[in-house]
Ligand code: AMP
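To begin, one chain is listed below as structure tokens, in the form predicted on its own.
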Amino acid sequence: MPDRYQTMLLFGAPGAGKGTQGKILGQIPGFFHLSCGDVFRSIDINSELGRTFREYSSRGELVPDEVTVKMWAQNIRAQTILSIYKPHDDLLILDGIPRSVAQAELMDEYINVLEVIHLVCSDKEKMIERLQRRALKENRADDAKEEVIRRRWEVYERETHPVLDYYPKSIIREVDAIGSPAKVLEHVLMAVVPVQETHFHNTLA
């Protein structure tokens, strides 16, 4: 399917720095970054999908995979119509989606995954400390609770980590997530630049 979005996934456990690296990459011409959080925050709560989303979130339940992917597809289509995202020129950088194998299967209709950047956390306790510091810095006291963070890790290990097995090992690039954002970025760029180079030359062909 040539009309699928050419995509790279930022993947990793909570606190690995997916959002930070995605935002930085999104500032580089030729990359377009979209996080799952951005999609949820921009949903029109008066639309049919928005009302469905509100029903689940108001009950504290996870939004079903089909609804999440539909919301994502609607959002990215709007970005292309407004020419904010130009699929012919830009590589799509996603973080926070797909969160499960079921979502990965549903998104195959829309995206062609060229590479998965797996931000590897070798020190779980250090990641938990990082999440606590971030939550306090952003005034989110509830998110700073250790039990909340550990629950998020459990969900990640049970539901999200298996997504790595869904994609071919040949397109997965492991990057050490421990270190300064600039140091991590240096290793991320080593992984993504060759993909962008290939995409850039393909668009000229």
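So that there is no doubt, residue numbering starts at 1 and follows the sequence shown. On a predicted model such as this, the values are computed, not experimentally measured, just so you know.
Just so it is clear, the following notes concern the form predicted together with adenosine monophosphate (AMP), a form of the same protein that is not shown.
Comment: 62 to 70 is the region of 24 to 32, 62 to 70, 42 to 50, 161 to 169 lying near adenosine monophosphate (AMP) in the model of the complex, near meaning a non-hydrogen atom within 4.5 Å.
The three marked residues, S57, R99 and R152, each reach adenosine monophosphate (AMP) in the model of the complex, with a heavy atom inside 4.5 Å.
Adenosine monophosphate (AMP) in the model of the complex is approached by G37, whose closest heavy atom lies within 4.5 angstroms of it.
In the model of the complex, adenosine monophosphate (AMP) sits beyond 4.5 Å of every heavy atom of K137.
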